[in-house]
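Here we start with a single chain on its own, the form predicted on its own, put down as structure tokens.
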């Protein structure tokens, strides 16, 4: 297991962090950019951050400093909704959601009854996260408890802050992937006792989506959350029109899709639902009132033809909904949150509300932290936050190198990165003050994942 550094260390280079919500204050006023920053950290947390000259004057002698030139240091990216067991089927021929689940997802997840296979996939998943600068994520496992144990064991080895949970499905799924209301409750409770709050790990109560859980299972999930109010809830909502209609027929007594989760008490802070494309105005108001968050999954939504989320509608000033950016692998087609930002921009264009660079980077850092109720813990470079960083190479390809010569502002440079860059732009990834990935080393990963 990787341990955090108990002595001070520092990194130097251009750095950007958010101090306010760009959906509220707009543009560069939401961000703090230091063209020559020094970030000091110890015991896994940031202790000082600011202009190099000022911070260096406060630095004790002998503190080692790693310098990154022609780069940009950001808080580590946060993926608000992702399925690690779907890594082996990323890029499978895209059908609509329900067919895609039956043809690809469920057969793939059956293999996770084998813990050795689950470990192989978990390690591959975490390596790709680090290669893309993703340091935290809200992760779906499978119905098998061992898939959660294995994932947490591997995440703990690198010291990552991860949220994960056992999928709950007691109907409308193949044999081998269904539990019962009682067994799902019991196994989830055992996982919560074993893992929740252990180091930087947190458990999520995880009904896959309404159609694969009975009323009894959703009631049991709500009861479990009341027993463990510090845990998370994650699921899917209003992703696809056929799915929305199916849920309506399965739960005719509910006011709508969101109410299927609201009735058993599965809405609130630390509840995050993937997609939300087709939520009604009343449902968005309920998300706002309860603090329930939405994970925006643009590459997945485009790949499966699910629709175009109107993120401006979610951010409406009179009732803003918390939103984080997400890859939603494996229907999502890239681990890179840079590429995901670019697709979010295109989705916004299709809805007449293009996403600018400030808002895009916010959604992958502090906005996602806020959606996951982790603001002040991760997603920022401010002192007191955990020392998770991604260092971007701003000239990672010949085309980007050429294009950057013609950028006239920081905003334009950020936009170039989110529309043209990918995993090649990740120069280094740090977790809890330890370097865990360095693109330019002969052995790029920390020993725990090498």
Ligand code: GUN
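The model shown is predicted, which means the values in this text are computed figures rather than measured ones. Residue numbers count along the first chain shown, from 1.
The protein also exists as the form predicted in complex with guanine (GUN); that form is not presented, and the subsequent description refers to it.
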Problem - Candidate site 234, 272 and 278: all three near guanine (GUN) in the predicted bound form by heavy atom within 4.5 Å - result: no
Exercise for the section: Sort through 161, 322, 144, 83 and report the residue having a heavy atom within 4.5 Å of guanine (GUN) in the predicted bound form. Expected result: 83
Practice task
Select from the listed residues 203, 173, 267, 304 the one whose heavy atoms reach within 4.5 Å of guanine (GUN) in the predicted bound form.
Solution key: 304
Problem - Contact flag, residue 97 vs guanine (GUN) in the predicted bound form, heavy atom cut 4.5 Å - result: yes
Handout entry: Contact test in the predicted bound form: residue 150 vs guanine (GUN), heavy atoms, 4.5 Å
Key = no
Practice task
With heavy atoms only and a cut-off of 4.5 Å, decide whether residue 74 touches guanine (GUN) in the predicted bound form.
Solution key: no
Handout entry: Contact of residue 208 with guanine (GUN) in the predicted bound form (heavy atom, 4.5 Å)
Key = yes
Practice task
Please determine, with the chain shown alone, which of 192-200, 296-304, 353-361, 150-158 has non-hydrogen atoms within 4.5 Å of guanine (GUN) in the predicted bound form.
Solution key: 296-304
